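Single chain ahead, by itself, as structure tokens, in the form predicted on its own.
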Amino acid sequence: MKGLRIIEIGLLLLVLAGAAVLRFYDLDYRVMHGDEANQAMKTGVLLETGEYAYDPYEHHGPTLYYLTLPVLWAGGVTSKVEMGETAIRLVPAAFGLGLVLLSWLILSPIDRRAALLGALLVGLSHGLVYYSRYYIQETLFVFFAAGLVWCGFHYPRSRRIGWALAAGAFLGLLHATKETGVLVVVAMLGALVASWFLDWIAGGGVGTARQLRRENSGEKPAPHSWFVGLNFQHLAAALGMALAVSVLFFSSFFTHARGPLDSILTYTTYLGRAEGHGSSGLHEHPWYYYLWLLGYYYREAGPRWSEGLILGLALVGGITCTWRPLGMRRAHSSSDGDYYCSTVYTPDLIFLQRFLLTYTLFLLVGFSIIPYKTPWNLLIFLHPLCLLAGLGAWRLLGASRAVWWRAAVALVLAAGCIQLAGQTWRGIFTYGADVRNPYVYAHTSSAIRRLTDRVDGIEAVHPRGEQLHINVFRPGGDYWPLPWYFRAYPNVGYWPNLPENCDADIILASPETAPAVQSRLKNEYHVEMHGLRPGVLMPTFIRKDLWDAFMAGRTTD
């Protein structure tokens, strides 16, 4: 028995090590997405000034910014110029790795082998890995939701206030991370009611209850006790903790009094966004959009993408959660000193499995019917899908005692995991910013590095160096992530409208504004074309004398 535990721990460490490689290796390989750059610049302002004020119209909650500060301080970073992609992406990557461990912790009370498989699928999932390397709130959001599930499961089992307070802290962090946290909480409450209803049906002698009674003749399933004897003082303490954590972050650590109020008023803005009002209409997609990304994605030439293994195993896990949930294996010592295991069905473990199923369904349906969709929004239900898939994989392995069956299932699972790992590796490196990747969405073109190299080259021959003057004329604020890449240059102007004098050392325009810009220029310029995103061009004007000096230097080299 002790040897078995050591093997399980060794396998868990192996899963964590593999997940760490996928999440931490070469974090600055991919160019910055516009949303990442936007978040990074807000973190930079917080780092330099210590100031942050929640914006109820754009962006999300402040946890990402504040939780990045310790990483930057540890690295001796004091300004946004010193910040690098690797430093800031360490934060979501760490939470992504933590999510793998948390997955094991959630499932291990049910079955440690199923927990290992669930953690493995979380560790390999293309979507979960890709956005663990992305400086946005999503991975933190999923981690806090999973933490709430974990603590919410353990509190009723122990009735200890520590679990209640921890659940409250996760709830507060969830709210302080993304506004859609309220949808997650609604899904959890709906899943609690639905699971209780399923329990009630089973307890009434229908389906599962009859099977359990047959298999455990000495231990009949008892009515579930989650809602029996609730300690309202603990409940109040948990809600108080959630409120305190939320207020702490939204008030910018008690320096911005209006923040907590804005965190409530913001839902009027997000309600309109969910319905596709304004620019949000650009992100309207059909109801099956998320299933399309996960099931089978193919765009012109290039690889075909699928996380069908997770979907298929989750389906098996979901069906068995309803029909025949997994039990808890308990070790016993025999009279001759040996150990043996038996399966014990306990109501709370059955309830947890049904909760995971109904919680996933509520999230999947809820986020699918909202017209506003972006690929990273699927993470919130992709994670519990992986947990269900872990349960389904173990159920398949245990469906028969025949060696040939277990060997065949193990081979299929191994092949599927190899496919997931290879796909994830291609997704984060070879196709990290390629539109043929299902998770690449309105992403910056890798060609942005050619532009930044050009600006750095002009800066090298400019008499005032980094004090050179850059004008950016792109309507509608469509210039991100340029502020991130130009953060070392203090004289950059981002213009919503064209001024009479457009001249500068370097001018970046849109194809629509370029003719008007050119007509207002007084100096002579070299003109070349750069790309912001695939299909989004950026005519670039470089003052002729600087261009000549730059070319002369290249000729000399």
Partner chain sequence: MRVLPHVLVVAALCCGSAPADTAAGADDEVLSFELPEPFYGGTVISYWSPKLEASVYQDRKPYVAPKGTRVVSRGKPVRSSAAPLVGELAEIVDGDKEFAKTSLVELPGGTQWVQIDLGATHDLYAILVWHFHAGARVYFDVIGQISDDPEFKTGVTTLFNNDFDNSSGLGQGEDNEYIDNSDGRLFDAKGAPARYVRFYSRGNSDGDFNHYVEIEVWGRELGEE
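Only a predicted model underlies this, so the values are computations on that prediction, with no experimental measurement involved. Positions refer to the first chain, counted from 1.
One more form of this protein exists, namely the form predicted in complex with its partner chain; it is left out here, but the text below deals with it.
Within this chain, residue 28 is remote from the site of its partner chain in the model of the complex, having no heavy atom within 4.5 Å. Within 4.5 Å of any heavy atom of its partner chain in the model of the complex lies no heavy atom of residue 400. Although the partner is absent from this view, residue 486 stays clear of its partner chain in the model of the complex, with no non-hydrogen atom inside 4.5 angstroms. Contact check for residue 492: no non-hydrogen atom falls within 4.5 Å of its partner chain in the model of the complex. Taking 232, 197, 298, 73 one by one, only a single residue has any non-hydrogen atom within 4.5 Å of its partner chain in the model of the complex, and it is 298.
Contact annotation: of the candidates 285, 258, 159, 454, the single residue with a non-hydrogen atom within 4.5 angstroms of its partner chain in the model of the complex is 454. The partner is not drawn, yet in the model of the complex one stretch among 434-442, 235-243, 406-414, 103-111 has residues with heavy atoms inside 4.5 Å of its partner chain: 434-442. Residues 511, 514, 515, 518, 526, 527, 528, 529, 534, 535, 537 are the members of 501-537 with a non-hydrogen atom no more than 4.5 angstroms from its partner chain in the model of the complex.
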